[in-house]
Structures are given as structure tokens and as C-alpha cells.
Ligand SMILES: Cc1ncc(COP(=O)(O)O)c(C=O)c1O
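Only one chain is given next, in C-alpha cells, and it is the form predicted alone.
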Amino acid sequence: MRLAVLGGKPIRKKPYPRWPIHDHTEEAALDRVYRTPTLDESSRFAEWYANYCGVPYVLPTASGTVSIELILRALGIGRGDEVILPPYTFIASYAAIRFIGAVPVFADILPDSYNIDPADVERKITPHTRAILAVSVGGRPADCDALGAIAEKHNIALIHDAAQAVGATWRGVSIAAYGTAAAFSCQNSKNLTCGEGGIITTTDAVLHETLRVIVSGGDDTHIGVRAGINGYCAGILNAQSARFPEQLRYRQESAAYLDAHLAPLGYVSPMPGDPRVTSNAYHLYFIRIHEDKLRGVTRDRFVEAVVAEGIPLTTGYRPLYATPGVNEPHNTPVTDYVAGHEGAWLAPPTLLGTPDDLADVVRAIEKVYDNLDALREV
């Protein structure tokens, strides 16, 4: 797009905050591990995370994907078993199910949260269903109440894919404490990061012991990768954990600012609130683009123009079933519409910007809307 279409000079040229944030603390952690290889940084982090989330059992792992796979294996889920998940998520959610030979089954998402729809989950349950994999998209918890009731009713596992949801709570309780187990990611883009790593939480002592044995290599599952976190990554997590609570608070304040300034616009909107979501982790900040109010301009065109103004906005996930190699059947009209016409999100570090940085987001969106006619002509 030629920037001159929207007045030539973009709203902003400087980048948003770089991620991850780090200093001498991380360097000291790496040096500590290097000089004392026997130091157990993993257990130290597990203790912190257990206290932070209020759960009895925490197991740091090699990645968020491995975390999901480990939970499925520890539950004895495998070939021929079905696991229900939303198609509006990162490929890792699907891949972990395929890794163990199970069958992914897609349930649609809710239009007001982009999380899995409990009513469609209920419709997709068969005698072969063994688990629900509920993704907390963007850091907002899926409906723990409804999904928990369905899991209990059908005697199946409820696994929270909380890869983006460190710090999220539902009715004042950490997402880590709901369901059978939860899997978190500490990959480089995540809000609590160590470059690559993951976390499993559970309140089930037997499941935790099974997981611990698998990670230690004391079983015969042979998952094919290093399952536990390495000392360097655990050391970085211990350094990053000191920053995390304040960063979460800042992200939530930034999201509240954007909510207040975007809601009145009408042609775009933030996600509606839910009083049961007592802490949204805001790994991603979703902006709903309403194509029916853009006078013939598509969501994709609108987002392209906002990006040309220097704002890190993306159209987000395409459905998993649109990914090469994914051939599962689907009947998910909400996902189709959200992925093709409505969904958009800001890059994760955006919410760590200054008030002026956030104001630029709103100014850019307003500028693009004011120039819709020019967009149609190009």
C-alpha cells in the first residue's frame, strides 16, 4: 500500500517496546547455572509458580507443546481416542494430539470471546471422546464452569491449553487450578518467557507422579524429545518471574485504556467483558473489525491500512483446518467468520507501551476509517 493513500505521513514510525525485557538479572542466572550445573533452578521455579497460582503440583517442561503431549500420555489417551479442541488456535494444540495418535475433533468458538463453545463441545462428544482441550485464546480463560460440568457429566478429562494465559484467573482462582491439568508455554513471545519452555499444573497427586516419572525417563513412552526444562531456561524463568506480576498489571491497565477508547467507535470494538474472568492475561489484545460498517472495505484491507500507519496489528489465526496437512472435518461457522472477516490482534509487546503508544493505536484506526473511500480506490 502507498502511504500517500492515507495522507502520506504515517501515525508513527518508532517501534513498540522490544520483547523480551531483560538485564543483568538474566545474565547472572545463566552464569549461576553455568558455574553450578547441579543447581536445581527447575524446582525453585516450580515452587514459585505453585505459590503464585495456588496449586499443589507444578512441573516445568521443555515447551508448551510437550506439556500438552505429556498430559495426554499420562492420562493414557492414545490411538483411536478423540480429543475435542477449537480450530482457532496455534497448530501446537492440534499437533500434540496427533503426536500421540489420537483424533482431533473441532468444536466451534464463541463470537464474544473466541474461546471454545461449550454447547458445541457437548454436540461433538462421542463414545470415543476422552478429553476436551480448552484453549484460553489470547490469555482469556475459556468457560471453566460449563466445560468442567461437561467433563464431569461425561467422565472425560478437561485439559486447559493455557499457553497464552499465565496469570489468568476465573472467579478469582488461577486457570492452573481448573480441570484435570493445565499446560502453559514460556516460548519467546509469551508473557513469562525463557526462550523455550513450558509448565504443567495439576491438583491431582497421582497424575503429577505419573507426569514426573515420564519426564524423568522412568517409563516406556519414549516421547522422542527432552521432556523436562533445562537449567538455563529455568534460571531465566526465575529471573523473569520477578518482573511478571507488574508487567501483567501494566498489560491489564493498557487493555482497559484501549477498551474505553475503542468501544465508542462502532466500526471496531474490543471483546466484551465477562465478570467471571477476574484476570485476563492479555498475551494478545483482540480488536473486532466490523466489515458491515466499513462501506465495502474488507477486514484484511482495513488491517493492512492500520499496519501502514505503524501499528503492529494482524488478522490473527486462520482456522487449523485451513493449514496444509490438517484434514479433519469441521462444521464451525463462527470460526470461519472470525478468521475470515472479523478477528484482529495487536502484537504482544504493544500493551507494554506508553499511554502515547496506545493513543497511536486509536488514532491510526480512526484515521483509516476516515479514509475508507481512498482505500476502495487503490
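We number the residues from 1 along the sequence you see. The structure presented is a predicted model; accordingly, all values stated were derived computationally and were not measured.
Unshown form predicted together with the ligand; subsequent notes refer to it.
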TODO: Among 36-44, 22-30, 56-64, 326-334, mark the stretch whose residues have heavy atoms within 4.5 Å of the ligand in the model of the complex.
DONE: 56-64
Open item on the list: I'd like to check something about residue 174: if you look in the model of the complex, is any of its heavy atoms closer than or equal to 4.5 Å to a heavy atom of the ligand?
Closed with: no
Open item on the list: Is it the case that residue 140, even though its partner is missing from this view, gets within 4.5 Å of the ligand in the model of the complex, heavy atoms only?
Closed with: no
Task: Partner contact for residue 85 in the model of the complex: the ligand, 4.5 angstroms, heavy atom - done: no
Task: Distance check, residue 163 to the ligand in the model of the complex, heavy atom within 4.5 Å - done: yes
Task: Among the candidates 187, 129, 269, 240, the residue which, in the model of the complex, approaches the ligand to within 4.5 Å (heavy atoms) - done: 187
Open item on the list: Residue by residue through 118-136, which ones have a non-hydrogen atom no more than 4.5 angstroms from the ligand in the model of the complex?
Closed with: 135
